[in-house]
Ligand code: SAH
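Coming up is one lone chain in structure tokens, specifically the form predicted alone.
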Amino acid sequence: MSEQAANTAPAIILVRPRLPENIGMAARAMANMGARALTLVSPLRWGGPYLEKAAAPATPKGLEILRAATICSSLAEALAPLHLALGTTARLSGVAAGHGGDGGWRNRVLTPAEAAGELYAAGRQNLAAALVFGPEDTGLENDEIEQCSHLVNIPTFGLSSLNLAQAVLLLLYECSKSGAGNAEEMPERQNRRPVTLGEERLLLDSLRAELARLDAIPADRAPWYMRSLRRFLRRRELRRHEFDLLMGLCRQLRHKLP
């Protein structure tokens, strides 16, 4: 894979990884497929001797990725600068076609090929994107799934879960097949770019606060309303100038309401 591909491949985010050896193998998989940006969210064992444990399976090819890894305390912090985050899941019960038995609150589940297509489209627009992987034993929690743009499931026969590094390798391989690491530079005007996930979160928090001040939504139904509003905003593919407009309205409400 070319140097340009390495610069535009999706980032890899590992949420609460338990074993440093798995982190090392994931870094090796990234090196194989030309990905470079690794973020660890609250790793259970990291630093000092644990870095040495991760270095062996990473091999010299993945060691630089390990040393340059970003450490975050929460998934929200890791996602804030991104425009697209695809969370991985092995659990499909009640999630088929994005209409789960719990009312369809889960995001649409993509196949690996569909996920690669989303990442390719993001790369064509110079948008920051990442693949998100949960802990080896439990996967992503519901509130973490909510923060992702879409979900990805790798179909398997028999056992539904995969080794962490295997999952990283398979999805990055699909990305390489789709050309997701080879996007040409297509700069957009700053105020016309899509909002980042951090900006989306800020807007939703502001809207929720002002709607609560207006008594526009009952407190016990607020999470449902905000999930629906998040889905609406994502279908609209909110742009930065639209974000500025809505944030301006929130500020006006905040100043004028008692």
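Don't overthink the numbering: it's just position in the shown sequence, from 1. Given the structure is predicted, the values throughout are model-derived calculations rather than measurements.
This protein has a second form, the form predicted in complex with this ligand, left out of what is shown; the following refers to that one.
Asks: This ligand isn't shown here, but in the predicted complex which of Glu174, Glu144, Glu136, Glu118 has a heavy atom within 4.5 Å of it?
Replies: Among Glu174, Glu144, Glu136, Glu118, a heavy atom within 4.5 Å of this ligand in the predicted complex occurs only for Glu136.
Asks: Is Leu79 near this ligand? Define near as a heavy atom within 4.5 Å, in the predicted complex.
Replies: Because no heavy atom of Leu79 falls inside 4.5 Å of this ligand in the predicted complex, the answer is no.
Asks: Report yes if any heavy atom of Cys72 sits within 4.5 Å of a heavy atom of this ligand in the predicted complex; otherwise report no.
Replies: Residue-level check for Cys72: no, no contact with this ligand.
Asks: Just checking whether Arg124 would be counted as a contact of this ligand in the predicted complex - the rule being heavy atoms within 4.5 angstroms.
Replies: No, Arg124 stays farther than 4.5 Å from this ligand in the predicted complex.
Asks: Answer with yes or no whether Thr111 is in contact with this ligand in the predicted complex, where contact means some heavy atom within 4.5 Å.
Replies: Taking the distances in the predicted complex, the answer for Thr111 is no, it never comes within 4.5 Å of this ligand.
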